[in-house]
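Okay, so here's just one chain, in C-alpha coordinates, the form predicted on its own.
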Amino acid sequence: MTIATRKQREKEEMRSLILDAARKIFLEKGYHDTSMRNIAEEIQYSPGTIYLYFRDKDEIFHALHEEGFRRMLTKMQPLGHVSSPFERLKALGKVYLEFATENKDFYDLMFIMQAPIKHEADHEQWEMGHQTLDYLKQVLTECKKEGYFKGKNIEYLSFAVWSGVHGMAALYCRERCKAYHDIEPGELIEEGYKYLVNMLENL
(Lines give C-alpha, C1' and ligand atoms only; values in the text may rest on other atoms or scores of the structure.)
Protein backbone atom coordinates (compact mmCIF):
# COMPACT_ATOMS: atom_id res chain seq x y z
CA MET A 1 0.00 0.00 0.00
CA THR A 2 1.38 3.39 -0.98
CA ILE A 3 1.53 6.32 1.45
CA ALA A 4 -1.10 8.18 -0.61
CA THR A 5 -3.43 5.18 -0.55
CA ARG A 6 -3.03 4.75 3.19
CA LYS A 7 -3.71 8.44 3.83
CA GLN A 8 -6.82 8.33 1.67
CA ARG A 9 -8.12 5.30 3.55
CA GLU A 10 -7.42 6.97 6.90
CA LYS A 11 -9.28 10.07 5.70
CA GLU A 12 -12.30 8.00 4.68
CA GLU A 13 -12.25 6.13 7.99
CA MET A 14 -12.19 9.40 9.95
CA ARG A 15 -15.03 10.82 7.86
CA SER A 16 -17.11 7.70 8.55
CA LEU A 17 -16.31 7.93 12.26
CA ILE A 18 -17.50 11.54 12.34
CA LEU A 19 -20.70 10.73 10.43
CA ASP A 20 -21.54 7.77 12.67
CA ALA A 21 -21.08 9.95 15.77
CA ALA A 22 -23.08 12.79 14.26
CA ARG A 23 -25.98 10.51 13.31
CA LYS A 24 -26.11 9.20 16.88
CA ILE A 25 -26.16 12.71 18.38
CA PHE A 26 -28.63 14.14 15.86
CA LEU A 27 -31.06 11.36 16.75
CA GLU A 28 -30.52 11.67 20.50
CA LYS A 29 -30.46 15.45 20.85
CA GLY A 30 -32.10 16.80 17.71
CA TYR A 31 -30.64 19.20 15.20
CA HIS A 32 -30.53 22.34 17.33
CA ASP A 33 -28.78 20.70 20.29
CA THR A 34 -26.14 19.06 18.13
CA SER A 35 -22.85 20.93 17.81
CA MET A 36 -19.43 20.38 16.30
CA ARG A 37 -18.13 20.28 19.87
CA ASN A 38 -20.33 17.43 21.09
CA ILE A 39 -19.67 15.47 17.89
CA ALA A 40 -15.95 15.88 18.61
CA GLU A 41 -16.47 14.78 22.22
CA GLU A 42 -18.29 11.67 21.01
CA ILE A 43 -15.24 10.49 19.03
CA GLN A 44 -12.76 11.93 21.56
CA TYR A 45 -11.11 14.36 19.16
CA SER A 46 -10.81 18.13 19.24
CA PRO A 47 -13.45 20.22 17.41
CA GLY A 48 -10.68 21.44 15.15
CA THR A 49 -10.34 17.92 13.76
CA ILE A 50 -14.00 17.89 12.73
CA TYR A 51 -13.55 21.18 10.87
CA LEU A 52 -10.83 19.57 8.74
CA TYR A 53 -13.54 17.36 7.22
CA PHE A 54 -16.76 19.41 7.42
CA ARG A 55 -17.40 23.16 7.32
CA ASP A 56 -20.29 23.05 9.83
CA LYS A 57 -23.04 20.80 11.15
CA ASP A 58 -25.27 21.62 8.15
CA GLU A 59 -22.66 20.04 5.90
CA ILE A 60 -22.53 16.97 8.16
CA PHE A 61 -26.33 16.73 8.16
CA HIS A 62 -26.38 17.01 4.37
CA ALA A 63 -23.75 14.25 4.08
CA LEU A 64 -25.91 11.97 6.22
CA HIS A 65 -28.93 12.71 4.01
CA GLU A 66 -26.92 11.92 0.89
CA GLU A 67 -25.69 8.65 2.38
CA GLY A 68 -29.24 7.64 3.26
CA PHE A 69 -30.58 8.45 -0.21
CA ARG A 70 -27.64 6.65 -1.81
CA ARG A 71 -28.45 3.51 0.18
CA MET A 72 -32.13 3.75 -0.73
CA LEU A 73 -31.49 4.34 -4.43
CA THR A 74 -29.05 1.41 -4.53
CA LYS A 75 -31.88 -0.84 -3.34
CA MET A 76 -34.32 0.60 -5.89
CA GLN A 77 -32.21 0.53 -9.05
CA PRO A 78 -32.20 -3.28 -9.55
CA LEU A 79 -35.98 -3.05 -10.06
CA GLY A 80 -35.28 -1.73 -13.55
CA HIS A 81 -35.39 -5.33 -14.85
CA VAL A 82 -39.09 -5.67 -13.93
CA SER A 83 -40.84 -5.33 -17.29
CA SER A 84 -44.29 -4.30 -16.04
CA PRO A 85 -44.18 -0.68 -14.82
CA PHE A 86 -47.04 -1.23 -12.36
CA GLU A 87 -45.33 -4.30 -10.88
CA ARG A 88 -42.18 -2.19 -10.66
CA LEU A 89 -44.15 0.50 -8.81
CA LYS A 90 -45.44 -2.09 -6.35
CA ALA A 91 -41.93 -3.41 -5.79
CA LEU A 92 -40.63 0.15 -5.40
CA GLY A 93 -43.01 0.78 -2.52
CA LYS A 94 -41.96 -2.45 -0.83
CA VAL A 95 -38.29 -1.54 -1.15
CA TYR A 96 -39.02 1.90 0.32
CA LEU A 97 -40.78 0.37 3.32
CA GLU A 98 -38.04 -2.23 3.77
CA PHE A 99 -35.43 0.53 3.77
CA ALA A 100 -37.37 2.45 6.42
CA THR A 101 -37.91 -0.55 8.69
CA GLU A 102 -34.31 -1.76 8.34
CA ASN A 103 -32.71 1.71 8.61
CA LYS A 104 -34.88 3.57 11.10
CA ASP A 105 -32.08 5.97 12.06
CA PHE A 106 -31.39 7.03 8.49
CA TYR A 107 -35.09 7.28 7.69
CA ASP A 108 -35.65 9.49 10.71
CA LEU A 109 -32.85 11.82 9.61
CA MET A 110 -33.98 11.88 5.98
CA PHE A 111 -37.72 12.39 6.37
CA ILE A 112 -38.88 12.95 9.94
CA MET A 113 -36.45 14.93 12.06
CA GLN A 114 -37.00 18.68 11.89
CA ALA A 115 -33.93 20.52 10.62
CA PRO A 116 -33.09 23.16 8.02
CA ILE A 117 -32.57 21.66 4.58
CA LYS A 118 -31.15 24.63 2.75
CA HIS A 119 -29.43 22.36 0.22
CA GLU A 120 -32.81 21.20 -1.11
CA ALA A 121 -33.19 24.29 -3.29
CA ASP A 122 -29.89 23.52 -5.01
CA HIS A 123 -30.43 20.60 -7.40
CA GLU A 124 -26.71 19.88 -7.72
CA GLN A 125 -26.18 19.66 -3.97
CA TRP A 126 -29.34 17.62 -3.46
CA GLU A 127 -28.54 15.22 -6.30
CA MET A 128 -29.26 11.92 -4.55
CA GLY A 129 -32.58 13.10 -3.15
CA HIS A 130 -33.73 14.31 -6.56
CA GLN A 131 -32.58 11.10 -8.22
CA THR A 132 -34.72 9.08 -5.84
CA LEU A 133 -37.82 11.20 -6.44
CA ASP A 134 -37.19 11.26 -10.20
CA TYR A 135 -37.05 7.47 -10.18
CA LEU A 136 -40.58 7.35 -8.74
CA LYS A 137 -41.83 9.87 -11.30
CA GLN A 138 -40.27 7.87 -14.12
CA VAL A 139 -42.02 4.68 -13.04
CA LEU A 140 -45.36 6.50 -12.71
CA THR A 141 -44.90 7.99 -16.19
CA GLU A 142 -44.30 4.51 -17.62
CA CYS A 143 -47.41 3.26 -15.80
CA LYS A 144 -49.41 6.06 -17.40
CA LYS A 145 -48.17 5.02 -20.86
CA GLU A 146 -49.47 1.52 -20.09
CA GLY A 147 -52.95 2.87 -19.37
CA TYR A 148 -52.82 3.47 -15.62
CA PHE A 149 -53.60 6.81 -13.95
CA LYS A 150 -55.39 8.30 -16.97
CA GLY A 151 -55.62 12.07 -16.79
CA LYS A 152 -53.55 12.23 -13.61
CA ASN A 153 -50.77 14.77 -13.11
CA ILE A 154 -47.48 12.99 -12.40
CA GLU A 155 -46.28 15.67 -9.96
CA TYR A 156 -49.39 15.45 -7.79
CA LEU A 157 -49.60 11.69 -8.18
CA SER A 158 -45.99 11.15 -7.13
CA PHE A 159 -46.61 13.33 -4.06
CA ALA A 160 -49.71 11.29 -3.17
CA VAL A 161 -47.89 7.97 -3.57
CA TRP A 162 -44.86 9.14 -1.64
CA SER A 163 -47.06 10.56 1.14
CA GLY A 164 -48.95 7.29 1.50
CA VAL A 165 -45.86 5.11 1.77
CA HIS A 166 -44.02 7.68 3.90
CA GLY A 167 -46.93 7.78 6.34
CA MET A 168 -46.66 4.04 6.92
CA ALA A 169 -42.89 4.24 7.26
CA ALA A 170 -43.03 7.18 9.67
CA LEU A 171 -45.65 5.52 11.87
CA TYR A 172 -43.48 2.41 11.99
CA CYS A 173 -40.24 4.27 12.73
CA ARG A 174 -41.82 6.32 15.51
CA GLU A 175 -43.52 3.19 16.91
CA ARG A 176 -47.03 4.53 16.35
CA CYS A 177 -48.15 1.23 14.83
CA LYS A 178 -48.52 0.03 18.42
CA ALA A 179 -51.86 1.84 18.44
CA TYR A 180 -53.14 -1.33 16.75
CA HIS A 181 -52.72 -3.54 19.80
CA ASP A 182 -53.71 -6.83 18.20
CA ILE A 183 -51.62 -6.53 15.03
CA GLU A 184 -47.85 -6.81 14.79
CA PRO A 185 -46.25 -3.70 13.17
CA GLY A 186 -44.70 -5.76 10.38
CA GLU A 187 -48.03 -7.32 9.48
CA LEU A 188 -49.76 -3.94 9.65
CA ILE A 189 -47.26 -2.46 7.20
CA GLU A 190 -47.50 -5.42 4.83
CA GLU A 191 -51.27 -5.62 4.74
CA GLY A 192 -51.75 -1.85 4.78
CA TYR A 193 -49.49 -1.54 1.75
CA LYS A 194 -51.65 -4.05 -0.13
CA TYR A 195 -54.64 -1.76 0.44
CA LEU A 196 -52.68 1.21 -0.89
CA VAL A 197 -51.67 -0.75 -4.01
CA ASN A 198 -55.30 -1.74 -4.58
CA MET A 199 -56.37 1.91 -4.39
CA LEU A 200 -53.68 2.90 -6.89
CA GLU A 201 -54.68 0.09 -9.24
CA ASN A 202 -58.24 1.41 -9.32
CA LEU A 203 -57.34 5.10 -9.46
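Just so it is clear, the structure is predicted and the values come from calculations on it, not from any experiment. Start at 1 and count along the sequence shown; that's the residue number.
Omitted here: the form predicted in complex with a further copy of the same chain. The next part is about that form.
Heavy atoms of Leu17 never reach within 4.5 Å of a further copy of the same chain in the model of the complex, leaving it off the interface. At least one heavy atom of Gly167 is located within 4.5 Å of a further copy of the same chain in the model of the complex. Mapping the unseen interface onto this chain, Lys137 counts among the residues with a heavy atom inside 4.5 Å of a further copy of the same chain in the model of the complex. Heavy atoms of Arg176 reach within 4.5 Å of a further copy of the same chain in the model of the complex, making it an interface residue. Interface residue among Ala160, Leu27, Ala63, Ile43 relative to a further copy of the same chain in the model of the complex, by the heavy atom within 4.5 Å criterion: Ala160. When you look in the model of the complex, the only residue of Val95, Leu79, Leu133, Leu73 with a non-hydrogen atom within 4.5 Å of a further copy of the same chain is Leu133. With respect to a further copy of the same chain in the model of the complex, the three residues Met113, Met199 and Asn202 uniformly fall within 4.5 angstroms at the level of their nearest heavy atom. Taking a further copy of the same chain as positioned in the model of the complex, the residues of 174-192 that bring a heavy atom within 4.5 Å of it are, in sequence order, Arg174, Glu175, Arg176, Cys177, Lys178, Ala179, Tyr180, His181, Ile183, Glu187, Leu188, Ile189, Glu191, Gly192.
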